[in-house]
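Structure 1 and structure 2 below are two forms of the same protein chain, each written out on its own as structure tokens.
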Structure 1
């Protein structure tokens, strides 16, 4: 099951440059084209290119040399775990959004347990299976795993039958996708990946399947509170 999702332009450009490196079109030591050249190549503003380059710098893919330009780093010197200063603030924003979402999502899950129909339950279950499949596939499926979780709780919210819940949860999701997606993906890889977290989602689904509103409420609250705590506790993005 493929889930379409919007991607930020800087992420797309950074990904394209990374592909060019992997394909050998750009080699370690090569100078990166200028911002203007990349802007013309991708048809975007220079500010978008600048942000993409910043992402690659923080991942250790590109190194800057003052007065000379940006160059492709040696593979051995790259790190997928370098954290930009902005990421600390974004981490806080993501925690706050998880906390904000918790109360509404728990109520939506409780309503969905009694209001859902069998077709809606099948859809919710399908997104849970998508999460399980992505985890089984491994780290390369991290975006698929993240998007399946979004879809899982979105489907639960829609099954509640409350349009205001749907609108509210949609607003939070849009905030994450538009501004915090890269942080959410990195966090999912570090803290939301594995059987224990899948078991939390499974418990939510089982309660909704059993039409147990209170169990659905509790299971959803446990997951989102734990998710916020896991993000807060991550040593690699602890406060400076």
Structure 2
């Protein structure tokens, strides 16, 4: 059981304001209440409010002008892509997020097929062998299977040679496992594992090995679409 972390006040305030913006209570161009008013409203010190506003400024959600005030920025001006925890509370958003992950991972595989070198291919193949042996062992090797799968696709992404793919997929992946009660999902996914899933990975590897970008794209897409299907089919997620 995970202990609930001690909340930080500035984060709470930032979330509060952020929700107000998403809900449409504060529209682009509107002026935020003064820091003094906000600190009174939330019952915290002004430094806390300042830190909260500073976070939102960092993301480009609001802009402030000294001597004037803070304003809600235009919708297009975001300077960071951040996955809010709320995504995992609504089924539609979760599906969209998995869809995005699938698309990016697919591109990464296609890139890797042409950009990879032999050393990287060997590394990727090593994780595939790890998965195969873990499946053969069965039973108590659940963790090994799942970890190897993560490593497998991470190695593929790294072989693409594009650091942004690595960073982006890493971020999405960590957010997904963090919010979907990782252990339960891990077990669930591991339990569903069989030879067929292994064949999906094998196909991906073969395509990258053959430097066939299109085949890699198709194989990766098939796997992640099925994985997303298996994930969203689960009972504990279906009723979101």
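On a predicted model such as this, the values are computed, not experimentally measured, just so you know. Take the two forms, find the largest set of C-alpha atoms that superpose within 1.5 Å, and that set is the rigid core. Residue numbers count along the first chain shown, from 1.
- One chain, two forms displayed separately, with the form predicted on its own being the first of them, structure 1.
- After superposing the rigid core, the C-alpha of residue 49 moves by 2 Å or more between structures 1 and 2.
- In the core-superposed comparison between structures 1 and 2, the C-alpha atom of residue 99 has shifted by at least 2 angstroms.
- The rigid-core alignment places the CA of residue 39 2 Å or more apart between structures 1 and 2.
- When the core is overlaid, the C-alpha of residue 24 ends up 57.5 Å from its other position between structures 1 and 2.
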